[in-house]
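This document opens with one chain alone, in structure tokens, the form predicted on its own.
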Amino acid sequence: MAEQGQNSLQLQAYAKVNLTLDVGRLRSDGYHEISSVMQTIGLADTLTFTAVPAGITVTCTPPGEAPDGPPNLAYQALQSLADRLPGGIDLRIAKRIPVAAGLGGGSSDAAAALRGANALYGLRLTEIDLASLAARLGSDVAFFVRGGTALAQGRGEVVTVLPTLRPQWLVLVKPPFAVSTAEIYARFQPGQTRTWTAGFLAAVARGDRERMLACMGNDLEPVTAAAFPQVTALKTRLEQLGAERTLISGSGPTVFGVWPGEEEARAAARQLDGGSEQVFVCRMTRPGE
């Protein structure tokens, strides 16, 4: 959803969860092959773009939540378009998606930066053009150009649009610590993989929700849980509160549970409030939201 004025534009950059994550061999470029069903959710950062005479600036609030300037992936996204821009851009990012949480906040901001610059200056870049630029910025950025439900393969940059799933309500819990994706992948042992994705897609094709839930899985979860036992404790707590399925997203540490409806999800979240974790209730989103 976008709000636009004469010289400004506001976009929401949605987080994602991995409904499945199969991790394969280590590639020659240092990344692992993956096969993952990714899904955008209603937790979002707000990006405000303002046209300025020249230059690119990126600042985040609250301060310190994410880097300002060149280290920010959204800045790098805007810089990749610099030679096409007739003017500059001042970008303010109001962060709500936790960082280093397995939710893709930085990648989503970068994809939104590409879309925002395209709209603000009428560059007329197609979704394919934007996805090509996005793939050079990071593994998940291309997925966020469109969002919704998609199959990510390769190192994550090969994205195939999937039929929109019936929206599910989720409770997300982010523990009070960060996880290094690189460290989790470095500890991963390929011999322990499962083929979650194929089973999940087959269940979706049959409209079998029970089987779909059973096929939600993440090859990195045992690695993250071994390093951070709090992850297992959070999964157990969500299950006790009625989650139909629990999983970490990406390399974690965020744990999410699936609930049959909004009322049940919000009731469970109220039981979790007051601790040191961040708790969010949201539903799956469709492309264009």
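From 1 onward, residues are counted along the sequence shown. Keep in mind it's a predicted model, so treat the numbers as computed, not measured.
Unshown form predicted in complex with ligand ATP; subsequent notes refer to it.
Just one listed stretch, out of 71-79, 122-130, 206-214, 154-162, contacts ligand ATP in the predicted bound form at the 4.5 Å heavy atom level, and that stretch is 71-79. Mapping the unseen interface onto this chain, I184 falls outside it, with no heavy atom inside 4.5 Å of ligand ATP in the predicted bound form. Although the partner is absent here, N218 is not a contact residue: none of its heavy atoms lies within 4.5 angstroms of ligand ATP in the predicted bound form.
Using a 4.5 angstroms limit between non-hydrogen atoms, A100 touches ligand ATP in the predicted bound form.
In the predicted bound form, ligand ATP lies within 4.5 Å of some heavy atom of K95. For the options G42, G242, P222, P67, the residue carrying a heavy atom within 4.5 angstroms of ligand ATP in the predicted bound form is P67. Note on the partner interface in the predicted bound form: the residue among P175, G147, G106, G116 having a heavy atom within 4.5 angstroms of ligand ATP is G106.
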